[in-house]
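As a starting point, one isolated chain is supplied in structure tokens, in the form predicted alone.
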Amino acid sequence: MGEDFIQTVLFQLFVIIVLVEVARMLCNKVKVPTVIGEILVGVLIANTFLYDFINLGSDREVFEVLKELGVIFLLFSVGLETPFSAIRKVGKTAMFVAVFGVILPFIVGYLLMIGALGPEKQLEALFVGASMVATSVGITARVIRDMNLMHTVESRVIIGAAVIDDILGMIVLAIVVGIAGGGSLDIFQVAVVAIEAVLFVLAIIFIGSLVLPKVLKKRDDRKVTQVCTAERRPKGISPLPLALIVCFALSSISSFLGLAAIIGAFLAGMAFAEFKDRWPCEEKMEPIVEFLTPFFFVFVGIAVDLEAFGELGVLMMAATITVFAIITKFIGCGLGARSLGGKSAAIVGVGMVPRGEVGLIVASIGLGMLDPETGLSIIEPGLYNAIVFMSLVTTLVAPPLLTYTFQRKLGKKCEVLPPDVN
């Protein structure tokens, strides 16, 4: 690693960070999610003179690492907003919304790809189905917060369902990655991978939400009974290093089990969220996440080849996947919320539509994995472009549709939240 290499990396960092900040400012000005700007920066770099100008063709190893760390910390931060205890408080309606909103898009996405690509493209079909599953609730939550409607029944159901949706989405992704590692769709293998993924998730939930709280409570009770004769300096590790240790430990275990590393990172964040009062780390973690996460989205954009959209087949595929992604999530989640009434069910269905970063993560994993039989990427560039297109469009259309459905029901009034939503 010579001085020329360091100079190249520093120049690449300078250009990418400047472009990302400009894109963020423009996105804030036109009121669209900043993730869109970050992806478009990558598309701009990959499809213009900038790619060769900053020498990404030969020197990008550092950025591959930054990209992977970015997605790991992104999922860890999402988990920090989703404590295990929240799952027990969301009610039956949110559970139904999440389950229907996962099953219908996955089945339709899988069958759609089998019909379009043929029965031999099982792995591609699984990844497309997985990309259509999980909801990016960050987009929806931002819109709801801006409208000052976090207190409504629909908002509570959407946020609650998204908690369960994230976990189910991670399990689906774990199963798909495990199957892809084997190279075939064997019923026994599916069962083994599914059991392994579910047991891993349940074990972390059990330890994080039941075992650790009891252990810490007993330790605190013992401390209270002790008489302190002098003020002692606090002992033990500080919250941020502890959070990093837990994050990397569970990410490593997840990878060792053949699952995606981000699944372990997500579960680590959920486990740590249970102890926010004891180990507050969000403020210190935020600058790390803010620095690393854009690299993931920039490189999502860099993998997009605009010339591929010149092919009618890719455009048709992108449009078809996007339409079915919107329809299946709207219908599936709407069915789960039908007990709230038609207009409320429409609000919930629209609120669960955006795929955002979740669909992009699934596509990126599929692009990076090789088919054991062919040695090629499981997700081909054309299909990857189609999934990125779907993620961007669903993210862009959800905010105005959500605003419209809320206004259609509530007008200028806000609904009062009842004691319980079941």
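Note that this is a predicted model, so its numbers are computed, not measured. Start at 1 with the first residue shown and count on from there.
Keep in mind the form predicted together with another copy of the chain is missing from the figure; the text below concerns it.
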### Task
Indicate whether another copy of the chain has at least one heavy atom within 4.5 Å of a heavy atom of Leu13 in the predicted complex.
yes
### Query
Glu380 near another copy of the chain in the predicted complex, any heavy atom under 4.5 Å?
no
### another copy of the chain contact at Pro287 in the predicted complex, heavy atom, 4.5 Å
yes
### Task
May I ask you to check whether Ile237 falls inside a 4.5 Å heavy atom distance of another copy of the chain in the predicted complex?
yes
### Query
Heavy atoms within 4.5 Å of another copy of the chain in the predicted complex: which stretch among 37-45, 380-388, 64-72, 393-401?
64-72
### The single option of Phe248, Phe206, Phe309, Trp279 touching another copy of the chain in the predicted complex, heavy atom within 4.5 Å
Phe248
### Message
Can you pick out, from Ile302, Val108, Ala261, Leu80, the residue that has a heavy atom within 4.5 Å of another copy of the chain in the predicted complex?
### Response
Ala261
### Query
Of 5-34, which residues get within 4.5 Å of another copy of the chain in the predicted complex if you count heavy atoms?
Phe5, Ile6, Gln7, Val9, Leu10, Phe11, Leu13, Phe14, Ile17, Val18, Glu21, Arg24, Met25
